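In structure tokens, one chain follows: the form predicted alone.
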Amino acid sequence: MIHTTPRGRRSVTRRGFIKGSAAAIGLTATSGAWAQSGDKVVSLLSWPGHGAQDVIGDFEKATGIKVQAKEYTGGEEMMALLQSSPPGTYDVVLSDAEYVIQLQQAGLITELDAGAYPLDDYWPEFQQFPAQYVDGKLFAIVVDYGFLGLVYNSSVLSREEVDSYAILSSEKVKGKVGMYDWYLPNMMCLSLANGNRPPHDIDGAKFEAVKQSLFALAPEMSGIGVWSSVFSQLTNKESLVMPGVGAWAALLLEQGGVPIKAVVPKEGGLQWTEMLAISATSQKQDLAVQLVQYLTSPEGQVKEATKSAYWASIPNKAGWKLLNEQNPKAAESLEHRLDKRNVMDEFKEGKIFIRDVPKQQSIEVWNEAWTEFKNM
């Protein structure tokens, strides 16, 4: 039996493993950028960290707009909150990319005016990012992202040893493989290991092969659990390697002195993507637009990149430039340097696949396989 624990709050673990705040990055408040609007409040529904003062404090000072943040801990919870809350409860919604089309089809978010946002400042790969659009209309904008592949203990394993997902079945890590308790990233990394590109759109035979690859890892496992368990396993060397986890977790642990690195193996990796949308029932559309404009601006993007909850890559190239000017050490850690190899090279090499829900099977079918694996 593989030990599992209930899925927990991502906010607690992301914050709990940072020692000290991220380096403060100044923002010159410019009254011309966002009009002063007095004592007004805009409601943000998001993953943890985006409504914290280290992200939106300067926006509030510059505009007089108060950001009231409600945090959720999973996409299903986000959908439920939006569908069950009175109209107008939320103004701005931060969502994982795979939920944007569901939000649009449910009538929960409104079409955006592309000309109101700094898409021209974005890297070309993000200007026409498919998940932003539904039927050719803009409904959401990427605010941050990151890659998922393997994280590993660099004091025990070399970079060469983790260049393939094959490390997961190596004798060197037997009984030392950990996982976060979510079927999607783990099974899709194994799908990539099996040569499926993209990993989420596979036929029945390929899905059965992914299941067998997953089940074969049962003897290798040290544990499956919530994020607090993931971090403790990596910190205590109970787990030496984990699939489906990315650089954001490795950076938090490294900041705490734990020798954990992240890598996208040669078979490829996944991209998690967080996007901003405006609620279809918001009664404060003008305030909502201003908040989205700020978070996607160069100044807001620097804050998003180094927020205390978790660091992340950002899509705004002008934001990269500002980050390199204000905090070159953070730019180096995030591989956002403009004068050397950076995270955008992973796109150019065709190694990155946008995380998405299964296409040829139901989510329930994949979850059933995951549950069977956990009970082995």
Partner chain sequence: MVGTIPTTSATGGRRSRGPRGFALAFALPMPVWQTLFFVAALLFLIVMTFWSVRNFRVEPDFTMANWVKMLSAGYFQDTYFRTVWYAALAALVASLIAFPCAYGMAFKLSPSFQRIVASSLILPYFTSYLVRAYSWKILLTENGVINGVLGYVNLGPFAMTSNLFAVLVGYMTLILPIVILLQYFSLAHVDRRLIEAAHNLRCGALRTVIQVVIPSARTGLILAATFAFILSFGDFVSPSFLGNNKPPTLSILMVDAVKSGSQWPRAAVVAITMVATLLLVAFLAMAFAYGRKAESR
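Numbering follows the first chain given and starts at 1. Every value quoted in this text rests on a predicted model; they were computed, and no experiment measured them.
FYI, the form predicted in complex with the partner chain isn't displayed, but the following is about it.
- Using a 4.5 Å cutoff between non-hydrogen atoms, residue 356 does not count as a contact of the partner chain in the model of the complex.
- The partner chain in the model of the complex is approached by residue 237, whose closest heavy atom lies within 4.5 angstroms of it.
- Looking at residue 183, you'd find a heavy atom of it within 4.5 angstroms of the partner chain in the model of the complex.
- The closest non-hydrogen atom of residue 80 lies within 4.5 Å of the partner chain in the model of the complex.
- For the options 216, 116, 106, 166, the one in contact with the partner chain in the model of the complex, meaning a heavy atom within 4.5 Å, is 106.
- Just one of 229, 296, 271, 196 comes within 4.5 Å of the partner chain in the model of the complex, counting any heavy atom, and that one is 229.
- Every residue of the trio 222, 225 and 368 has some heavy atom no more than 4.5 Å from the partner chain in the model of the complex.
- Shown alone, this chain has one stretch from 174 to 182, 203 to 211, 298 to 306, 187 to 195 that lies within 4.5 Å of the partner chain in the model of the complex by heavy atoms: 174 to 182.
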